[in-house]
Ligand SMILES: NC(=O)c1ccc[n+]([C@@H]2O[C@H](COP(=O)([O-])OP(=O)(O)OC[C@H]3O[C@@H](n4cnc5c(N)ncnc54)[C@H](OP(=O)(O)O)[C@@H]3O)[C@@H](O)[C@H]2O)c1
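There is one chain below, alone, in structure tokens, taken in the form predicted alone.
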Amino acid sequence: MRIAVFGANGPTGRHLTEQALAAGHDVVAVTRRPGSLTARPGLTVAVADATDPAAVDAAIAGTDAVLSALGARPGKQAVTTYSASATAIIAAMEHHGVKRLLAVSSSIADPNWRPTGAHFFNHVFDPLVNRRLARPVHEDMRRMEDVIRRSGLDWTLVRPSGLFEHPVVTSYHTAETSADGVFTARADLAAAMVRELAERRYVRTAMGVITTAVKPNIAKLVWNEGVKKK
């Protein structure tokens, strides 16, 4: 299968690109940064801003599916990356007759998501960080989900919990709507997306993804995901 990966040079997109290639797919790695990725057998690099309809249309031409791992950093400023890119991607997919779309969102998009036994997360971290500092990001994720749900595509909204780096795929769990857990390794998120591309268990619904085998260092996670410049 020939797939377009948006956000291919990002922290999740790099895992996704490598795992898709390892699974035998041809990948069009879409990035807005020329020179950040190098073409090789099975991998084509397309330079495009994901909110530019013409550039997105050109990147999607000739593909069979689209996987979006686009992201934006938390902050107080308004965010439109998710919803604007979804609008451009859907228009291009409809133009080229591409039906399958997987897009990374967040467990926060499920208003009923509260991980079992995670008292500190549910009562301190989530209200202070996710619902305040990262509120503009999550608001736009919800707008993106609405845009995708209204489309006629075979979509899957992919909802990880708190993302962290781990070098290899581990034991992970998926569930409809959202999964009962606090953390998701990016390698596991990518593996779940590549698997869903083949298995189609969560078409036209949301797929929660959590890591069950390892946990991150919380201080390092907060620094890497919310403080350190990338």
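Residue numbers run from 1 along the displayed sequence. Under this definition, the rigid core comprises the largest set of C-alpha atoms superposing within 1.5 Å between the forms. Note that the structure is a prediction, hence the values are computed from the model and not measured.
Another form, the form predicted in complex with this ligand, is not on view; read the next lines as being about it.
- With the partner removed from view, the residue among 141, 90, 98, 157 that has a non-hydrogen atom within 4.5 Å of this ligand in the predicted complex turns out to be 141.
- Note on contacts: among 187, 66, 163, 28, the single residue with a heavy atom within 4.5 Å of this ligand in the predicted complex is 163.
- The stretch that touches this ligand in the predicted complex, counting heavy atoms within 4.5 Å, is 75-83, out of 112-120, 147-155, 90-98, 75-83.
- Proximity of residue 136 to this ligand in the predicted complex falls outside the 4.5 Å heavy atom cutoff.
- Among residues of the shown chain, residue 48 is one whose heavy atoms approach this ligand to within 4.5 Å in the predicted complex.
- With a 4.5 Å cutoff on heavy atoms, residue 33 counts as touching this ligand in the predicted complex.
- Although the partner is absent here, residue 216 lies well away from this ligand in the predicted complex, with no heavy atom inside 4.5 Å.
- Along 1-23, residues 7, 9, 10, 11, 12 each place a heavy atom within 4.5 Å of this ligand in the predicted complex.
- In the core-superposed comparison between this form and the one not shown, residue 34 has its Cα shifted by at least 2 Å.
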